[in-house]
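We begin with a single chain expressed as structure tokens, specifically the form predicted alone.
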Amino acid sequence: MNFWLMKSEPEEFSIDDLERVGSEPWNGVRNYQARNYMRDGMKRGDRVLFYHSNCQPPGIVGIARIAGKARPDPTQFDPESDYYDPGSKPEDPRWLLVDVVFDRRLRRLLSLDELKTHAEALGDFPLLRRGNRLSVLPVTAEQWNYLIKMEKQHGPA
């Protein structure tokens, strides 16, 4: 099993939305590295940290899982979509998506500020790398376990 962190702006799609619909295609990813993580790394049953970005405060808010392997993202072929890519062809799709299934909310928000105070313990946690803007990030089993333990502790003072 692999572990991931996936970012979404809550105004676009939140943990509330995922809980309400149960399962959602994670479409609109237009970064090759993030696409490659979905294509080459994600498997059915992988666990996901659901992260709210571009909000106050940003942070990890829930847990989801991957429902199956990556498949072509249909929004790349739709001229009406914000994610349309005229260079991508159905016979050779450039962009992929995975289906994400709601598991649970975290007991409390793990804010980005709090995560930064645990940088040493989290090691090379991709979310904390300077300039990292990817919407899909790998998480090690050790980082996953540490974050789940953090969730059970009282938040920062």
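Heads up: residue numbers just count along the shown sequence, starting at 1. Since we're looking at a predicted model, the values are computed, not measured.
What comes next is about the form predicted in complex with the DNA, which is not displayed.
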Site test, 63, 117 and 145 vs the DNA in the model of the complex, non-hydrogen atom cutoff 4.5 Å: no
Classify residue 113 as contacting or not contacting the DNA in the model of the complex by the rule of any non-hydrogen atom within 4.5 angstroms, answering yes or no. yes
Would residue 50 count as touching the DNA in the model of the complex under a 4.5 Å heavy atom rule? no
How about residue 132: is it within 4.5 Å of the DNA in the model of the complex, going by heavy atoms? yes
Using heavy atoms and a 4.5 Å limit, would one call residue 54 a contact residue for the DNA in the model of the complex? yes
In the model of the complex, which of the stretches 97-105, 24-32, 40-48, 65-73 has residues with heavy atoms within 4.5 Å of the DNA? 24-32
Residues of stretch 57-89 in contact with the DNA in the model of the complex (4.5 Å, non-hydrogen atom): 58
